[in-house]
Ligand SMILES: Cc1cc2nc3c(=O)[nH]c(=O)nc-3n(C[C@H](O)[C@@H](O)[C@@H](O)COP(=O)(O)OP(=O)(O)OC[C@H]3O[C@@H](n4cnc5c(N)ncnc54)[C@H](O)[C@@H]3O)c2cc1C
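Shown below, as structure tokens, is a lone chain in the form predicted on its own; questions about how it binds or moves come after it.
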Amino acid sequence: MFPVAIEEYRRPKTLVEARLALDGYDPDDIVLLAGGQSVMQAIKARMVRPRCIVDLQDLAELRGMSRADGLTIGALTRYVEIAEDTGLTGGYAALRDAAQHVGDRQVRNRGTIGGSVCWNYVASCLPAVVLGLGATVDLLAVDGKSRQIAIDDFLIGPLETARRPDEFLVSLHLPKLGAGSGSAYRKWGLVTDALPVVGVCVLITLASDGKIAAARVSLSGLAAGAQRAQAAEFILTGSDGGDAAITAAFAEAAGAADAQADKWADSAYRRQLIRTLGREVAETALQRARAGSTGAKP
């Protein structure tokens, strides 16, 4: 299909220009374009009908990663850059796990982490991963005011976030994770790089005695979109990370999940995927955490 008539295309070079580019239109009539891999399809299908497109792709200040006091990822950082960063290990390894299998080659080379998080599609990998890693979202408004929101509060539901129409997502900040932290992500789709029928992200932090001091678990592919599996987190935290604890955690997560039935899978199959993938992902995250705490190669 072809989009409805678009009155204006603007491509700012700086954040200051980007803020000015929003003038002259009602915020609801503007689309902020990052990688464009999702929103352009919606525009073509006339699900989204902007009068003006503000293309952010020239904003170099929104690209790249910084490891000062944790990990800060610019909103326009592309999946391919995350997938190829071999320094993303331990507690940040889930980012690479997800980015290496997002969409196809074109999507990985054009799509951005900020675009994915703001679009917050029901079956998307990166929103679930940054939720599982406990990110904070940095936003900048047209009037120059900034605010930070915990990712748990930012992701409201499928295609809905706490970002206001007059705000840009500038970056995502992940907390500093010590050597005893490990994370992992895995999805199951109809083909290797398909959207997840179910995806699971697990972050584990070990205590000095080797037990799990903290755990975060998130799911993707369910009707409510990216979501925490707090029942699994509760069972894992304080446990020794043995088979019994991990099996119990994801049995509980599967039972609590509102797993829909559709043409890709029925609800029982989705729950089985949560149990199976959950165990595998938790074991990988735990292995990475243990490797980091002993100084071994993860």
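All residue numbers refer to positions in the sequence shown, first residue = 1. The model shown is predicted, which means the values in this text are computed figures rather than measured ones.
Beyond the structure shown, there is the form predicted together with this ligand, which is absent from this document and is the topic of what follows.
Work out which of Arg216, Arg186, His101, His173 lies within 4.5 Å of this ligand in the model of the complex, going by heavy atoms.
The residue in contact is His101.
Identify, from the list Val39, Ala257, Ile246, Leu273, the residue with a heavy atom within 4.5 Å of this ligand in the model of the complex.
It is Val39 that has a heavy atom within 4.5 Å of the partner.
Please state whether all three residues Gly90, Gly180 and Gly182 have a non-hydrogen atom within 4.5 angstroms of this ligand in the model of the complex.
No, the whole trio is out of contact, none within 4.5 Å by any heavy atom.
Is Glu81 close to this ligand in the model of the complex, meaning a heavy atom pair under 4.5 Å apart or at it?
The answer is no: Glu81 has no heavy atom within 4.5 Å of this ligand.
Test of understanding: in the model of the complex, would Cys118 fall inside 4.5 Å of this ligand by heavy atoms?
Judged by the heavy-atom cut-off of 4.5 Å, Cys118 is in contact with this ligand in the model of the complex.
Please tell me whether any heavy atom belonging to Asp85 falls inside 4.5 Å of a heavy atom of this ligand, as the geometry stands in the model of the complex.
Although this ligand is absent here, Asp85 would stay clear of it in the model of the complex, with no heavy atoms inside 4.5 Å.
Does Cys125 make contact with this ligand in the model of the complex, using a 4.5 Å heavy atom cut-off?
Judged by the heavy-atom cut-off of 4.5 Å, Cys125 is in contact with this ligand in the model of the complex.
Taking 4.5 angstroms as the heavy atom distance cut-off, pick the stretch from 109 to 117, 144 to 152, 224 to 232, 207 to 215 that is near this ligand in the model of the complex.
Residues of 109 to 117 come within 4.5 Å of the partner.
Does any residue in 131 to 164 get within 4.5 Å of this ligand in the model of the complex, counting heavy atoms only, and if so which ones?
Stretch hits: a single one, Arg163.
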